[in-house]
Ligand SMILES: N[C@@H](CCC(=O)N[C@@H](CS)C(=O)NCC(=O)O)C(=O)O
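Have a look below at one chain only, the form predicted on its own, in structure tokens format.
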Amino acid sequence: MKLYVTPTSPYARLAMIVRLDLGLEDEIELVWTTTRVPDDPVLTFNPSGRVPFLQLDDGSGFEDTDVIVDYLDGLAAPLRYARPDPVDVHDVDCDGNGNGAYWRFRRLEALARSMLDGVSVWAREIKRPEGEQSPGLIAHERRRADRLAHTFEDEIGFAPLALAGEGLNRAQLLLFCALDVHRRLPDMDWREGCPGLSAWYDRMQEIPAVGGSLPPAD
């Protein structure tokens, strides 16, 4: 199998972390590629041209990060990236027990994905020619990222975001990859006023699968 990635995609970074965390380096070849060009080699088997793309041995594959995580996680038992089980769909409290843990996880997972999607839009916008950039869009995504960073500052010490030696989960990976986009966004100063989140991010980088997934400079 081959995992097609680019150095700048935070979604590719997430898939690369999972590949390392599950010990699949020998089974899955990492292929650096270039997207958004007419001769993009990925287009021959993935018509959307998006990365990450996991190409299977039969030539087919998956492009959605969430689907890729599920597929990789299913290659070896037990599952390590499964969401908590919903116990009772009518019990929607967030007390950390039973279905409360499920809905708390889904809430924070969705917030982290929202932050990742937003800062990705911001990062793509500043790559456009300066005269074509939208100051309003950039300001909007900057405010969104700042609000979410402070929201996570209040949540970071609790499950499922807390680093408690229980292995990585989707919410943690989404949040880390969102925060990590600051390497491409000099104006994304999410550390300001968020000491707990900053310390959490630094601890995440020390995890071998996370630190080992750092892409080359583009």
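The first residue of the shown sequence is 1; numbering continues from there. Because the structure is predicted, anything quoted here is derived from the model rather than measured.
Below, we refer to the form predicted in complex with the named molecule, which is not included among the displayed structures.
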item	value
Answer range among 23 to 31, 161 to 169, 186 to 194, 60 to 68 for contact with the named molecule, defined in the model of the complex as heavy atoms within 4.5 Å	60 to 68
Exercise: residue 113 in contact with the named molecule in the model of the complex, heavy atom 4.5 Å	yes
4.5 Å heavy atom contact, residue 50 to the named molecule in the model of the complex	yes
Proximity of residue 144 to the named molecule in the model of the complex, heavy atoms at 4.5 Å	no
Close approach of residue 124 to the named molecule in the model of the complex, 4.5 Å, heavy atom	yes
Within 1 to 19, the residues that have a heavy atom no more than 4.5 Å from the named molecule in the model of the complex	9, 10, 11
